[in-house]
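Each of two forms of one protein chain follows alone as structure tokens, named structure 1 and structure 2.
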Structure 1
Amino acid sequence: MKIAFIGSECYPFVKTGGLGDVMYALPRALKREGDEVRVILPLYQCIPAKYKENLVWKGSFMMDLTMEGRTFFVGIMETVLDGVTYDFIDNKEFFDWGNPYTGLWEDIPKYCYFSKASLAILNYMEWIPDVIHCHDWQAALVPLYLRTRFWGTPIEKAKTVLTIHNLRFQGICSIDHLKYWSGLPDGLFDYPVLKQNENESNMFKGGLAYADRITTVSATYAREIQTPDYGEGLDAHLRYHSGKLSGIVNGIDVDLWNSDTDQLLAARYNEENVLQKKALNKRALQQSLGLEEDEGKMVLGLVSRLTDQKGLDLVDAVLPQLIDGRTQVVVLGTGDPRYENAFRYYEGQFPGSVCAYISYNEGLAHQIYAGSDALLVPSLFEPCGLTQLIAMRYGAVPIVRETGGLKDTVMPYNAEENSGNGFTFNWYDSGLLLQAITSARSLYFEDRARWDEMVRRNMRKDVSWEQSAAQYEDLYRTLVR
């Protein structure tokens, strides 16, 4: 099949979150399955020069946009990486501002242009995909443009899939603002499609209505977003469209996240020698972060954006109770000053037992996965989550809340059957988080053989993109048929 991916970010060119990982890994997995794949992205000013230097000019044209039909330049720059073709849309007026996302008022015109230009360049290059796979609200207008402004052109035969990575962000703005910049027909600005309320429109809502299929990044999250608690105001809309909604859990890039080849680690290891080599990584982590160097201590890692969504208020509430002389806590991330300051405070209160590294450091993230015994992911909600998958790959046992993809990928430890691959809690409650951590520590210190067995079991677990890619291929084939 021929599949076009349209999204606002993609590793290694530009990445702010999990969307960038999916836009990178899923096309590569599909390419390995024999599909022909193109990824369409904006040519942001912030893309590193080393990637821009390899771009090849493929042509340009003028495209009308807005209610009054203003014309804008569309340039096409292309590169190929690992067999996947990447087409960048060049327009300095929209994309030469630095960061991918600036402010919603400015981003609405930017992604109206991007959605329409993405379809226009496919027609221009005469590369007509079987399926157009769009991602999040920034590409949500693609299905609407396809069925209106591009109807009767070669691209009309393509089917559309729209994936929800995080429903919290929807592209909501005034009806007048979106109507002007999109130039879409007035009939779409009604409640079944783009209308949010009397004065506002919702780009994501419109895309969900017009896409041929809707996916999200785990089966549990697909169910959760149809409820008021998780639906972010679109639960009724999603229930109405539930017949075309499904969840496919993400994978991770197992070449990038491979403890046996990871050059960033103090000692590389696999499931056969993990017990010996992980201890070396723990010692190196303790040394580099100023923690007391003791392989007998249990190290709890936390690699996260420091926001409410990630359950940091629960960690804040229980952290003093974790410091018992046998446990150390390592935090890596940036975000809400409330949490940044809280973890800095705990580092000062418990020197040698707590480290708060308030920054983004890719190398240190790898080292925390390798040097930690367990990883905390107590999220309020988590569409899929990648940290728990990486943790298992590196032999760090995940301690998670049962929500979204965390529930789908982490099976709670069962002492009677000696099964499961982590420790979980259901309700969003700090006492239940502490209880899950206490259970993990009990197994770690009192029955190390079973703990080590779980570590090896986790490292054998298939967390690659291959299974997910096969499910997406099945979905695409049902559409093409």
Structure 2
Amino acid sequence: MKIAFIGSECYPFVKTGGLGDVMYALPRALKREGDEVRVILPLYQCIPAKYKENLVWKGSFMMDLTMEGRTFFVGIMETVLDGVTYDFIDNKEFFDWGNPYTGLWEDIPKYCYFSKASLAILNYMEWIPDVIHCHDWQAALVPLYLRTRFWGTPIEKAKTVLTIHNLRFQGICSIDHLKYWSGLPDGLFDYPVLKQNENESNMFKGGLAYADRITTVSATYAREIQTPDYGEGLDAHLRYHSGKLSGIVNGIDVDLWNSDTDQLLAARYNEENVLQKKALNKRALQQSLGLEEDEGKMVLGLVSRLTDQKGLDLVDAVLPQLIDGRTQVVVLGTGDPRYENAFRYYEGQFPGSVCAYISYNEGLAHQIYAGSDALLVPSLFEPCGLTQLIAMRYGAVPIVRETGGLKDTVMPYNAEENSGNGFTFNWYDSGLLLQAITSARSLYFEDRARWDEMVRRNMRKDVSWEQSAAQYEDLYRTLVR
């Protein structure tokens, strides 16, 4: 099959979170299955020069956008990486600022342009996919443009899948703003489609109504978003469309995340030698972050965007109680100043035991997964979550809240059966997080053999894309038939 991916970020060009990982890994997995895949992205200014230098010009044209039919330049720059074609849309007016996001007011015109231009370049290149796979609100207008402004053009025969990676962000703005910039027909600005309330419109809502299929990134999140607690105001809309909604859990790229070949680690390792080598990685991590160097300490890692989604209020509430002379905490993340400052404060309070590395750093992320004994992911909600998957693959035991993809991927440790992958808790409550961490610490300090078995079990667990890519293919096939 021919599949076009449309989304706002993609590793290694631009990544702020898991969407970037998925846009990288899933096309590669589909390519391995024999599909032809193109990924369409904005040519942001923040894409590193080493990638921009290798882009090849594929053509350009003018495209109309807005209610007034203003015309805008569309350039196509292309590169091929490991058999996947990446087409970047070049337009300096929209993409020359932001890293990659700016603020909703500017991002709405940016992604109206991007969604429409993505379809326009497919027609221009005469590459008509069987399925257009759109990701999150930034690409949510694609199904609407396809069924209106592009009706009667070659691309009309393509089917659409819209994947919800995070329902928190929907692209909501005044009806006038979206009407003006999208140039979409007035008829779409009604309650079943784009209308959110009297004054506002919602891009995600419209896309969900018009997409041929909706997916989200775990079965549990697919159920959760149909309830008021997790639906972010769209639960009724999603229940209405539940017939075309399903959950397919994410994997990770097991070549990119491979502790046996990872050049960023102090010591590479596999399931056989993980115990000695993790100790070396731990020491290297402690040294580079200014923590007390002692491999006997239990290191708890946290690699995350610092937002309330990630359950950081719970971590904030329990952190002082974790510092007991034999436990260290390493936080890597950036985001909400509230959390950045809280973690900086703890670093000052507990020198040598807590490190708050407030930044985005790919290399350090790898070193934390390799050097930590356990990884905290106590999220308030988590559509899938990738850090717990990476942690398992790197032999760090996840401690997670049972929500969304965390629930689907981390089976709780069961002492009787000596089974499971990590420590879990259900209600969003700091006492329960503390209990889960305490259980983890007990096993780590008092029954190391069992702990080590879990580390090895986790490293053997299949967290690759293989099975999920096959499920996407099945889904695409139901549309193409």
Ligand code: ADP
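Each residue is numbered by where it sits in the sequence of structure 1, with counting from 1. From a predicted model like this one, the values you see are computed outputs, not experimental measurements. For clarity, a rigid core is taken as the largest C-alpha set superposing within 1.5 Å between two forms.
Peer 1: If only one of the two is the form predicted together with adenosine-5'-diphosphate, which is it?
Peer 2: Structure 2 is the one predicted together with adenosine-5'-diphosphate.
Peer 1: Core aligned, does the CA of residue 185 move at least 2 Å between structures 1 and 2?
Peer 2: The answer is no; the displacement is under 2 Å.
Peer 1: Is the C-alpha displacement of residue 386 equal to or greater than 2 Å between structures 1 and 2 once the rigid core has been superposed?
Peer 2: No, shifts by less than 2 Å.
Peer 1: Using a rigid core alignment, state whether the CA of residue 296 is displaced by 2 Å or more between structures 1 and 2.
Peer 2: Superposed on the core, residue 296 moves its C-alpha 2 Å or more between structures 1 and 2.
Peer 1: Can you give the C-alpha shift of residue 335 between structures 1 and 2 in Å, rounded to one decimal, after superposing the rigid core?
Peer 2: Comparing the two forms, residue 335 shifts 2.4 Å at C-alpha.
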